[in-house]
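A lone chain, given as structure tokens: the form predicted alone.
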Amino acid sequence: MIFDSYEAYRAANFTPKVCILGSGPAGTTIARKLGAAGIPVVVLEAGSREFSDESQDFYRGTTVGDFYFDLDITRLRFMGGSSNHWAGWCRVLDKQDFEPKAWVPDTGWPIRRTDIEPYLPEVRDILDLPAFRPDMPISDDIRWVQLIKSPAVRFAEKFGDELDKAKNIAVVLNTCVTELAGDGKRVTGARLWSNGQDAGSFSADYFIICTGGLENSRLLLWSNQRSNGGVVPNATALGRYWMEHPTFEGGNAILADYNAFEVDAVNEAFFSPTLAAMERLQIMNFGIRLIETPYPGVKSLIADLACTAPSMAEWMSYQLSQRLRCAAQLYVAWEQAPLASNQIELSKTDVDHAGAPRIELHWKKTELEHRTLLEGLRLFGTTLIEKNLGRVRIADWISNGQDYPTNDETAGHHHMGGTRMGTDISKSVVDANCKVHGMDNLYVGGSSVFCTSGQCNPTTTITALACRLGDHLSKVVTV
């Protein structure tokens, strides 16, 4: 059942056991799992069926620190959430992403990759994916990895009819929770805003927050402030350890044979480091994306190198005379270390139309991020030389340690952390089952529970964790 207002929902006299906030990949996946288990669930979606400027305005905020996207364009506030602008790249976090890195503080998850692997067949069905293939070593340091480009599933489009016909699921549009109330052990109620006005209070046995990797922290911070710590009783880490995937063009490569690597349907290939290489260089995980360069760009690159790197230019010229399809741009996306200082705070001066403080995002990249970028490109270049597969030219701004450009990709629109998973209540917000520490009936879904970001796009892992949480709740919630 789908309702366009809270008033219409109330008239239906639907009585849920579970209330999910948000209809994006996490919220919709959990709702479908619970509905299939016979558990009545209501999904409160702040937006409507379509994009609107009025709804997006609730997402305005400010960023302190490094250059970042405007917060009201880096996520979407309507049915289906940010799946509506998802590009479709799919890969599950690597096994080593779940393990602690001795050289990076506050890394490691309380679960392992094996805990989500049983849900991957279900994830593939949800995201319309073939089976993932294993990585292939290129050297002791670099491996070919698979990123699958799915049809970029829009959750409202794919599952809208199913949700509308479901007897155990009610989706209420144009309705959000402005704050939760709690007594330090349970959420006791919620305040609603629907179609531009206060819609009163609401209660359910369980609440699951799936409003996104920025809004999850915002709602909990504001609710905790209003309830004097009654919603997140152990709030030291709340809003902290926020992460993105810095993403920039890192340089160029000339390859002896572009066909030496397996490429996807658009002639792109992807590479990542081995754990041994990361340990040796004390860097984070990264992904290098090879994008084929048209032939005129190859000639321009060689001419540019003739004076600055004649030996490389000579090698390239020889290879160019043998094969013409041999150049690529190198785009790098990499893991950001979890730092408590990268955090979501509540604005002290600006509120949205419902009276809730807007977000003030504090985000800075550190020396480790730059070192990961530089050493990652060097590592890839060294592998190409050792295997006589090609040569790499690293962009000058990276080699010279200059500032990050503001006219590049910047980041992946991947919002991770803020309500991270863990066992140490001083450094985490939820436990291994995504339940808020100290609370009996409050859970969090989505990438805000990520402890580390790895190097790959988060949607596949978000969906796997949502399947796992839905499975857990179907055993916990009694009808």
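None of these values were measured; they are calculated from a predicted model. One-based numbering along the sequence shown.
Omitted from view is the form predicted together with a small molecule, to which the following refers.
J.: If we take heavy atoms and a 4.5 Å cut-off, which stretch out of 368-376, 209-217, 235-243, 391-399 is in contact with the small molecule in the predicted complex?
T.: Among the listed stretches, the partner-contacting one is 209-217.
J.: For the three residues H85, P458 and I462, verify that every one has a non-hydrogen atom within 4.5 Å of the small molecule in the predicted complex; reply yes or no.
T.: The answer is yes: all three residues contact the partner (heavy atom, 4.5 Å cut-off).
J.: In the predicted complex, which of the listed residues (I138, A190, L76, L330) lies with a heavy atom within 4.5 Å of the small molecule?
T.: Residue within 4.5 Å of the partner: L76.
J.: Which of V449, V436, L44, V41 has a heavy atom within 4.5 Å of the small molecule in the predicted complex?
T.: Comparing distances to the small molecule in the predicted complex, the residue within 4.5 Å is L44.
J.: In the predicted complex, is there a heavy atom of the small molecule that lies within 4.5 Å of any heavy atom of N285, even though the partner is absent here?
T.: No.
J.: Going by a heavy atom distance of 4.5 Å, is G182 a contact of the small molecule in the predicted complex?
T.: G182: no contact with the small molecule in the predicted complex.
J.: Indicate whether S223 is a 4.5 Å heavy atom neighbour of the small molecule in the predicted complex.
T.: Heavy-atom contact with the small molecule at 4.5 Å: absent for S223.
J.: I'd like to know whether G454 contacts the small molecule in the predicted complex, with contact meaning heavy atoms within 4.5 angstroms.
T.: G454 lies outside the contact set for the small molecule.
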